[in-house]
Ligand code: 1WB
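Just the one chain here, the form predicted alone, laid out as structure tokens.
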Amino acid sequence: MSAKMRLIATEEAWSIPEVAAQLREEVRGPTQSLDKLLCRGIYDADPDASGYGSMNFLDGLLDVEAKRLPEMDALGVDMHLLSLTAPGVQMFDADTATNLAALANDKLADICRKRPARFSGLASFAPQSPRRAAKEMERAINSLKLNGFILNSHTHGEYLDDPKYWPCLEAAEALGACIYIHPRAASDTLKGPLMDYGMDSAMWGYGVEVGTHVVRMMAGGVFDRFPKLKICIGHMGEAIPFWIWRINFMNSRAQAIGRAPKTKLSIAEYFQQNFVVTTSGVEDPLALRYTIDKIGIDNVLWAIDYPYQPMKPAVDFIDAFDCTDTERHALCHGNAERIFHIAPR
């Protein structure tokens, strides 16, 4: 890879002490919520214990300059697209969530203004209060100059195909800003078989959860109402590129027999038109080549998933990936610049 190739990593987790403190309070006490169990391991764990606490993700989330930036420098990563890590503000009551989203956006904008060549950011919003969320989304783009939005999938077990959340989609479409739908733990109605063998999080459950979300959006006709809405999903598309033929075929059958609403386009067409995917946490060259060939090079972006994934293997992966110069420029920075309105270098 050329030494001058710009590297923009597009799913890079971050947090603020105020959100961390609120999550610490939220997860204390007995619970069967997968989100609370997972967050307890990050925000309220004994660092000497086993589990997520031993991996010390929280320090990586709260840090920007002490460790993250020097590691970026050492590995030649030019920019992190930062976003408030899952579950963001979506476990809180509406007032708390709205206030913390605004605070996080203010602090993120400060980081981006301080180091505009190194950090860009995705704004948080609180779907618990959709109309207030839409106002915050407008502020985040128009006043704070952030680069898009982060949504940590379901809100109280509900998805964006529910019309009550459509003020958020209307705002994103009007602003021309992409919503990155990031995983969180499965809802209570989905979690049962995922609770054993470590399947509840990144191993399997996260992909199942986000995949369910976006298939609901496509099958439910969301993109007929918002045809210009752009959605980003990570982890090489949460398996959807690999299943899209069957999803598309079975949805067409469901429409024909009245089990799904008639839509203007097919699921395959919506996925091509309204979605982009990142490589975050999937460093498999065969998977990347398939995804590019299936949905097009203009729809695939490189990402690390820091601090949950280490930086160096992700950099080595994209450096070694066999592709054309045009593909490499698109993967490493061109698509990120276009989708997330990042100024070209």
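All figures in this text were calculated on a predicted structure; none of them were measured in a lab. So that there is no doubt, residue numbering starts at 1 and follows the sequence shown.
Not on display, but discussed next: the form predicted together with the named molecule.
J.: In the predicted bound form, which of 316-324, 64-72, 300-308, 286-294 comes within 4.5 Å of the named molecule (heavy atoms)?
T.: One stretch meets the cut-off, namely 300-308.
J.: Work out which of Val27, Val276, Val282, Ile42 lies within 4.5 Å of the named molecule in the predicted bound form, going by heavy atoms.
T.: Partner contact (heavy atom, 4.5 Å) among the options: Ile42.
J.: Among Leu229, Ala86, Cys112, Met79, which has at least one heavy atom within 4.5 Å of the named molecule in the predicted bound form?
T.: By the 4.5 Å heavy-atom cutoff, the listed residue in contact is Ala86.
J.: Does any heavy atom of Leu38 come within 4.5 Å of a heavy atom of the named molecule in the predicted bound form?
T.: Leu38: yes, in contact with the named molecule in the predicted bound form.
J.: Could you confirm whether Ala202 comes within 4.5 Å of the named molecule in the predicted bound form, counting heavy atoms only?
T.: Ala202: yes, in contact with the named molecule in the predicted bound form.
J.: Answer with yes or no whether His182 is in contact with the named molecule in the predicted bound form, where contact means some heavy atom within 4.5 Å.
T.: Yes, His182 lies within 4.5 Å of the named molecule in the predicted bound form.
J.: Using the partner position in the predicted bound form, report whether Phe271 sits within 4.5 Å of the named molecule, counting heavy atoms only.
T.: Phe271 lies outside the contact set for the named molecule.
J.: Enumerate the residues of 8-23 that have a non-hydrogen atom within 4.5 Å of the named molecule in the predicted bound form, in sequence order, or give none.
T.: Contacting residue: only Glu11.
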